[in-house]
Ligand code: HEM
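The form predicted on its own is given below as one chain in structure tokens.
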Amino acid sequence: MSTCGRGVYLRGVVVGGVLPARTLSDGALTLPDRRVAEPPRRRARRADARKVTHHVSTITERPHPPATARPLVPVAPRDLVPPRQRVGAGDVAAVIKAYVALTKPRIVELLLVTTVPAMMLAAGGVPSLWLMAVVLVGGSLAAGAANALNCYIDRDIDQVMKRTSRRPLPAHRVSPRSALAFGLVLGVVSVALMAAFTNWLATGLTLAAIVYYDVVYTLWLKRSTPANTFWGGVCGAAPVLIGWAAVTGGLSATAWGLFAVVFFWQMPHFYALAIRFKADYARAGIPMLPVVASQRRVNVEILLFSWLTVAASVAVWPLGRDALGLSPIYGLTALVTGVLLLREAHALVGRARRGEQMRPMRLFHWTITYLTILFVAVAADALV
């Protein structure tokens, strides 16, 4: 076939679907150019896509040196395991501090202030040092357990209130699961310690105080009734009974008298705190009395329970440990500190009635001083 014939034949095949071919001037046959012209708009989109891909690759990928620059080095199996992170001394201290904060050590300290003098009065002097150590350690662990479980239960409202927003759980320094486990372990250890080295009455009171505080008060009463402070006062006064029962194995009228002092004392103490943080409690939906009642009602209860606190403290004077009662050391202390407590309570109510700044924290701090001085007098009287 001649060159001209071959060209005619190939052009005829185009009609049948075969790609066109070209012949060169020397008669050689070449393959067709397979590139098809793209529309300008599609070509622009493809170019933009290449730019984006290149931009992402420059961010997410690092250029690798040539293979010749990276010689292969054999790796031991142990080197494939990631190194264990070392915890610095500062981190360990922060963790310990967070768990200690869960126990609310200031409250624990206040509870121990009432426990030791009650034990001394029950023993008529200094009781067994071993028994005191057991009760102090067991009582501290029990109070810490109750407070840690309280932090776990109240973690939803603690993050809403400014006063409690820096506690370990709302600050995310301790996980809720860890706080729950920590509180339960402390509770089990405290009850086991009391059961092993004291008596069943002291042990039962310890367990009852933990359950009452976390289940009855925290889960139920605190969020449901303005009388939560009143009924919650049972837990705060329980250490007096626990200490007395650990020494004597029973509960006398004097023990119940000291219980009444601490029980009534909690109303002016916590009402003053609730007045100061009234907006916090309202924001969290906690029906504390100063939040849901009028200031007049709060004033009445502050005065009522302040007078009942002083009356109970004076009633303990003739009771004592025996028929002779307590000495004037306690009696005069109860009278003087009681007058000062009533003075501060009436001063708060007077400022509220006159529309002045109430300064409730003055009463709050004085109630702590009052209780400390009163029970120091109990301990001193036991040594006479």
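We number the residues from 1 along the sequence you see. None of the values given here were measured: they were computed from a predicted structure.
Note that the form predicted together with ligand HEM isn't included here; everything after this is about it.
Engineer: Considering ligand HEM in the predicted bound form, which of Val310, Val262, Ala245, Leu169 comes within 4.5 Å of it through any heavy atom?
Structural biologist: That would be Val262.
Engineer: If the cut-off is 4.5 angstroms on heavy atoms, which of these, Leu303, Leu201, Val189, Leu273, is the one near ligand HEM in the predicted bound form?
Structural biologist: It is Leu273.
Engineer: Please identify, from 126 to 134, 245 to 253, 99 to 107, 175 to 183, the stretch that has a heavy atom within 4.5 Å of ligand HEM in the predicted bound form.
Structural biologist: The contacting stretch here is 99 to 107.
Engineer: Mark Val376 yes when one of its heavy atoms lies within 4.5 Å of a heavy atom of ligand HEM in the predicted bound form, and no otherwise.
Structural biologist: Val376 lies outside the contact set for ligand HEM.
Engineer: Would Gln159 count as a contact of ligand HEM in the predicted bound form, using a 4.5 angstroms cut-off between non-hydrogen atoms?
Structural biologist: Contact with ligand HEM, no.
Engineer: I'd like to check something about Leu221: if you look in the predicted bound form, is any of its heavy atoms closer than or equal to 4.5 Å to a heavy atom of ligand HEM?
Structural biologist: Looking in the predicted bound form, residue contacts with ligand HEM do not include Leu221, since no heavy atom lies within 4.5 Å.
Engineer: Indicate whether Ala195 is a 4.5 Å heavy atom neighbour of ligand HEM in the predicted bound form.
Structural biologist: Result no; Ala195 lies far from ligand HEM in the predicted bound form.
Engineer: Pick out the residues of 341 to 375 whose heavy atoms come within 4.5 Å of ligand HEM in the predicted bound form.
Structural biologist: Heavy-atom contacts within 4.5 Å come from Phe364, Ile368, Leu371, Thr372.
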